[in-house]
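Shown below, as structure tokens, is a lone chain in the form predicted alone; questions about how it binds or moves come after it.
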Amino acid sequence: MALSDGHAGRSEHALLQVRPEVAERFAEVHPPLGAVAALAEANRCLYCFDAPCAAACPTHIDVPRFIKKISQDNLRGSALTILDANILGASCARVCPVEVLCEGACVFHRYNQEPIHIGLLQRHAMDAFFQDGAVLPKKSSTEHTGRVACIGAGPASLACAAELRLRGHGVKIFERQELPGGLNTHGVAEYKLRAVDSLREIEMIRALGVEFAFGDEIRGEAALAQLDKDYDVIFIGVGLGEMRRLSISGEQLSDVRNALEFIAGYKTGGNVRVGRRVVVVGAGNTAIDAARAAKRLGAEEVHLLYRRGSRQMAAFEFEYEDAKREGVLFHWHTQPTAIHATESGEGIAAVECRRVKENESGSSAMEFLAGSAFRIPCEMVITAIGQSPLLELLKSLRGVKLEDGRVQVERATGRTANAKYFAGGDCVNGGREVVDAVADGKRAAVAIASVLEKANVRGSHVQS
């Protein structure tokens, strides 16, 4: 796969060379349906006229319609129905928390019956589409003169760029890393979404005529000023920045990794080394992904620490239950206070912890319980306590307003306070699901296309 002419990053072939080292350990948690099973499952659907499943999807895929087409053995028609709403339908079929979205809204719950396996049916249609060549029909035969720059190659930018190209607008995506896809490629656990599956989806988008520039980090006022000069509209889809630090002694040791580095390391870097005993700090979905991955990579013990209780964890309940079944050990109301090195100073010996209780005043600060200190022996520590916003870049955006580190936009259009800038994804919502980023990107693209086409009729430019 060559994602663009002159693309300096590794190819899909190089990623496939990494795969045999982890393939057996990272079997998919939701294997695909066979043709007969998919047909049987599609025929279970009631094709509800009010479709609560579609309403629960942030991209509002017409679920009854795409499932009906599967029952009629029209897999391409099913896939095109999905793609019309969600250009990353293949990835979302694998990574979406369907248990709390479309499948969670299925009417069969009212009758204490198992919901329709919407995610697996969506994957079935999308896999068939890719096997058949993954050719998308364009929505417009007109090639417009307007040019759009997208900063970041994650789901929001990809969705925005694809929709704009389908409507005949020129788009170029600028990505600081050597591979596109954002967290889909680098940060989602391998047992949910393989890097090669993320990249084949992006190749479909590239085939529409979307341009990519890799290793091209847009930072500072000068770079933004050049983009402002060269492009009619700029879409900000940069996601979030660095993982937050624990700010405790020993955090500088080499075997302290943040969760996104850890996941990217085995997905795209071939780094499958893991400690015999691993401590993960945090209780979001990324922390759970890292803990389960560590078990698959051979860790005998994986301990997950969280300073609050299980009811306050950010991870979905089903993710938590899966992790427990796989042997991850949870320590609630526990906070790490130091990471101790081995006697040689070259590795980690243990994490020192203390039990905590929530402050009765309602403050977010925690109170340590007297005499509660203890140590967990380990060789690796993985931190997953959230990501910081990319404030350096975001503050450089002329006329764009921020609140709590998030870009402020019109919800319906993604437009910022600067009429030339639109935004979507994690830099706007603070870190939600892939499908939310896709919805943001498409909404913005529709609005951008309208702005560009009106400006073209008037013979004017979009004003900052």
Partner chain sequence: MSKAKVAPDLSVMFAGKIYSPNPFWLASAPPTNCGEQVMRAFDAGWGGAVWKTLGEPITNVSSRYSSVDWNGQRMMGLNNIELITDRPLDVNLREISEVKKRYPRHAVIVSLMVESKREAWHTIVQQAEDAGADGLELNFGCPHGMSERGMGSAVGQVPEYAEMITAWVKEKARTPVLVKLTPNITDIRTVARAAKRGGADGLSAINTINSITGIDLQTLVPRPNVDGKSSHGGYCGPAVKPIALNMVQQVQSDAESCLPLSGIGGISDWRDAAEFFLLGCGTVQVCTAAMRYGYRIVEDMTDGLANWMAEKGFANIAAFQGLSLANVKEWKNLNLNYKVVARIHEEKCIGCELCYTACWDGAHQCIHLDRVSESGNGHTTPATYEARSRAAIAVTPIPKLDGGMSERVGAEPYATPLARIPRVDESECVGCNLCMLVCPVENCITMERIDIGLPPQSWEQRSALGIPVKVQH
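Numbering follows the first chain given and starts at 1. This structure is a prediction, so every number in the text was calculated from the model and none was measured.
One more form of this protein should be noted, the form predicted in complex with its partner chain, which is absent from this view; the next part is about it.
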Scan P52, G405, P32, G399 and let me know which has any heavy atom within 4.5 Å of its partner chain in the predicted bound form. P52
Is A419 a contact residue for its partner chain in the predicted bound form, using a 4.5 Å heavy atom cut-off? no
Can you tell me if A37 lies within 4.5 angstroms of its partner chain in the predicted bound form, counting non-hydrogen atoms only? no
Do L227 and its partner chain share at least one heavy atom pair within 4.5 Å in the predicted bound form? no
Any chance R110 has a heavy atom within 4.5 Å of its partner chain in the predicted bound form? yes
Listed range touching its partner chain, judged in the predicted bound form by heavy atoms within 4.5 Å, from 169-177, 287-295, 97-105, 115-123: 97-105
Does any residue in 303-320 get within 4.5 Å of its partner chain in the predicted bound form, counting heavy atoms only, and if so which ones? R311, M313, A314, F316
